[in-house]
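Below you'll find only one chain, the form predicted alone, shown as C-alpha cells.
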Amino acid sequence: MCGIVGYIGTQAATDILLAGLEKLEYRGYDSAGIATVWEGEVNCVRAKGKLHNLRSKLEQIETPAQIGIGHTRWATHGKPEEYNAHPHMDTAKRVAVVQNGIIENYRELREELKGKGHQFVSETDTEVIPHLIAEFLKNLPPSSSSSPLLEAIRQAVNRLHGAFALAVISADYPDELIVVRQQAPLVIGFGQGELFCASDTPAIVSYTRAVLPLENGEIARLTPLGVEIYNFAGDRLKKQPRLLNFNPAMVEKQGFKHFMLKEIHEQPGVVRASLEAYFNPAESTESPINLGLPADLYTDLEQIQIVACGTSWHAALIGKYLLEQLAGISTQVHYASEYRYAASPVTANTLIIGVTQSGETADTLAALAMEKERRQGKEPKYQARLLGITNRPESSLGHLVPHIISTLAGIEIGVAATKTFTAQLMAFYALALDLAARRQTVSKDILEKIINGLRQIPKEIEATLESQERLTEQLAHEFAETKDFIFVGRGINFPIALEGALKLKEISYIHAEGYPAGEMKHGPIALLDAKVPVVAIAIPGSVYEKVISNAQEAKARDSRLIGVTPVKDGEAGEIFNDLLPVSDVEELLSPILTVVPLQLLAYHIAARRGLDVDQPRNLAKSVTVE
C-alpha cells in the first residue's frame, strides 16, 4: 500500500525523492515524509495529508544531501497524524526507516525494546524497526562485518514477522542505503553514478530503465560503488538488472483533468492491444487464440477456482460466466481474503487462477501460495495448476505462479480501476474461447462470430465515450447530492452492476449497492423511494425482458430509473427516466461496453462534488497488506 522511494548518488536527493513520491502517491496519501543524511545528521521532515503539505515544508529548508529515503503513507497502525508519518527514527535519531507492510510481532518487540531504554513516540508498527537496528548496531562486535549497518539490519529483519519492504539510512553510515524485501514489492534502479529504490517503477522511470526487482528474503546494500545483494542468512547473491519497456508519457495526464478520465478513454486502445496479443489473425490456420499457455495446463481439466479481490473479483465473476457458458467448465469465484481461511476441498484436475491488477495483492498471493503448498506432494491429478492474470507480470504474482496472462493495460494511476478491469475482461474472453476451441464446446462458426464481435468492440467503446461524456456530466449535476444508489443487472451484466456501484462508492463516497435484478423483490426493494435512483443494465438477450420487468417494479416505487441499454431500444425509452445508451452488441460481449457509462457517471458525480477523483480517501492502489 504505502509508497517507498530512496536515492543515493551525486544529485540533491530531496527533489528526486519528492518527484518519486508524487508518482507513488496513488499508494497512500494520509501523510508523507523524507529523511536525508547531511553533515553527520539525519534530517527528517514529515507532514500530515497530501504530498503538497510536505512540499510546502521542504521549501523552507535547503539541503544538498545526496542520500535519502521518502515515504507516502496509507495508515494501518496509528491514525494519519504527523507523529505517525514515516520516516521513523531510533531514540538517538541516528537511524531512519521507511516501511511498506505490517510487522505482526511489533507489540512484543516494542515491549522488549522499552525494557532496554528505547523511547517510542508513535503508534505505528514501523517504529520498532529503527530501534531494533540501533540495538543490534550497539551490540555488534568490533570488525564483525565490512558493513555494520547491513549486518545490524540483517539481524533485525530476522526478528520481524510479517510482510514488509524497508529502506534504511543512518547518520553513521552516510554512504549506504539498505533496502529489504519480504512479501512486499521493492525495485532497485541503476542510473549513471546513482542508484534508486522504489515500491513501484513509475517512481524511477524518469531517471533510469535499468531495474532489478528484489525477491522475498533479500537485502541490498546501495553505495557509490554499486549494489550488493544478500539473502537473510547473509549469503551474497548474483543478480542482473533488466531493461523496462516503459514510456514515461504513460504516467502523465495528457490534457485530461484527472488520470481516471484519461484511463477511461484509453480503453479502446487496451482492447485493441489485447486483440493483437491474444487473438491470431482471421486468416491464420492456427488456433484462433494465442495465450502461450501449455497444453498440459488444460489436460483433463474438470474445475476452475478463481481468487481475487475488489474490481478483479467482479472481472472474475464475468470470467466464470464465460468459462461455464463457452467452455463448459464448472468455475467458482472466491474472495481471496475469505478463501485463505475457508478453502475449497482439494479437487482433481483443477486450475487455480489468481487475478490481481498489481500482482501484489496480499490476500490473492497468500491464497495462491496456500493452494500451491497444500497440493504439494499429492498425486499428479491433484497437484497445483496455477495461472495468474495481472497487469504487472514482473510482480510477485509473476514469481509465484508459472503461467501469466499479461493484461497489457499499461500503468494505471487512478486508484479506482477502469482500464485494467476491461483488460482483465479481455483476458477472460481469450481464456474462455481458447478452452472452448480446444474442448470443442462451441462450433467453429460461433467461435468466429464471437471473435469478430470482439474485434468491433474498440470502435463501439469510442462511440460510447463520445456519446456519454456530455450525458453523464449533465446527470452528475442532478445526482451530486444523492445519498443512495441502486445498480441492477442479470446474467453476465450482474457483475457490471456490482462494479458500477463500487466505482460510485470509491470515488464519490455515495452509498451504492449492486444487486441481481431478480433479487430486488426479495428484500432490497424496501429501500426504494423517490430519493433512491436505480441504474438498470438492460441488454437484449436471454434476460432482457426480465430486467425490464424488474425496472418497472422499481419505477412503481417512485425511483428514478436510469437505463444502460442499446441506442435503438424504443421500449426502454418509454420505461427509463434517463438513458445511457450503448451500441447494440451481442449480450455475451456487452459487459465491455456497459461498464463504460457507469465509469463516466461515477467520475462526473465525484468531480461535480469537488472530490479527489484519482486519490479517494482511505484507498490505495495496491493492497499489499491483509
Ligand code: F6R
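Computed from a predicted structure; not experimentally measured. Note that residue numbering follows the sequence shown and begins at 1.
There is another form of the same protein, the form predicted in complex with this ligand; it is not shown, and what comes next is about it.
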Next item on the list: With this ligand left out of view, choose which of Gln357, Ser396, Gln267, Thr464 has a non-hydrogen atom within 4.5 angstroms of it in the predicted complex.
Entry: Gln357
Margin query: Quick check on this chain: which one of Ala416, Leu195, Val95, Ile304 has a heavy atom within 4.5 Å of this ligand in the predicted complex?
Written below: Ala416
Checklist line | Partner-proximal stretch of 373 to 381, 349 to 357, 325 to 333, 83 to 91 relative to this ligand in the predicted complex, 4.5 angstroms, heavy atom | finding: 349 to 357
Item checked: Contact test in the predicted complex: Pro288 vs this ligand, heavy atoms, 4.5 Å -> no
Next item on the list: Report whether the minimum heavy atom distance between Ser170 and this ligand in the predicted complex is within 4.5 Å.
Entry: no
Item checked: Contact label in the predicted complex: Arg181 to this ligand, heavy atom within 4.5 Å -> no
Check: Taking heavy atoms and a 4.5 Å cut-off, does Thr126 contact this ligand in the predicted complex?
Finding: no
Note to self: With the partner left out here, which residues of 286 to 317 have a non-hydrogen atom within 4.5 Å of this ligand in the predicted complex?
What the structure shows: Cys309, Gly310, Thr311, Ser312
